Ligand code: HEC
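Let's start with one chain on its own, the form predicted alone, as structure tokens.
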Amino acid sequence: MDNLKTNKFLAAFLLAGLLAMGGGKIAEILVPDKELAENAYPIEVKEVAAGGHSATSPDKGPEPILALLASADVQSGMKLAKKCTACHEFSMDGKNKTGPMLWNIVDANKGMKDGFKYSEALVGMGGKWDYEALNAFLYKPKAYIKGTKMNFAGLKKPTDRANMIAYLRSLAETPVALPTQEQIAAENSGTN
């Protein structure tokens, strides 16, 4: 390779480097770097104290929601339920999907919908899907029923759970009665 070709090659390489650096500086001027007030995707990390135990208070379970049911918003519950439609049907003539059809689920026996294969953990639990059971299940399904097949993180806000349960309650020809004042008082005192 002769000197002229070598010089042309080195000049092109230097020019490309200068253009890249200049482009970077122009980009910094046009789109300045800003510090975010908070992370776009917050990650919750529990602090662990010496001895391996969490420094935060342990999860006490779902807050009482019976008092919220009378004023719960069925339309908001319906909006929340849209993310459930991948696995569940909500109409009276709906079919089971990955999860069971949820028409008339409030006060139904657990693990008893015809044509759906429930997990052994749910079938063995027994009982009814009353308001308290639905509240606990919707809060954290895997904590409420160890071994459930349902992959849903849960609804942490009490109003969201109350709205969802109000919507589920409306999915019946004859909706289950709202809780009485005695039931609300018992739930709030922890004696239910």
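Everything numeric here is computed off the predicted structure, so don't read it as measured data. From 1 onward, residues are counted along the sequence shown.
In what follows, reference is made to the form predicted in complex with the ligand, a form of this protein that is not presented.
Asker: When the contact criterion is heavy atoms within 4.5 Å, does Q75 count as touching the ligand in the predicted bound form?
Answerer: No, Q75 sits far enough from the ligand in the predicted bound form that none of its heavy atoms falls within 4.5 Å.
Asker: Given that the ligand is not shown alongside this chain, does T159 nevertheless sit within 4.5 Å of it in the predicted bound form, heavy atom to heavy atom?
Answerer: Output for T159 is no: heavy atoms all beyond 4.5 Å of the ligand.
Asker: Can S91 be called a contact residue for the ligand in the predicted bound form at 4.5 Å between heavy atoms?
Answerer: No, S91 sits far enough from the ligand in the predicted bound form that none of its heavy atoms falls within 4.5 Å.
Asker: State yes or no: in the predicted bound form, is some non-hydrogen atom of F137 no more than 4.5 angstroms from a non-hydrogen atom of the ligand?
Answerer: Yes, F137 is a contact residue.
Asker: Which of the residues spanning 135-150 lie within 4.5 Å of the ligand in the predicted bound form, based on heavy atoms?
Answerer: Residues within 4.5 Å: F137, L138, T148, K149, M150.
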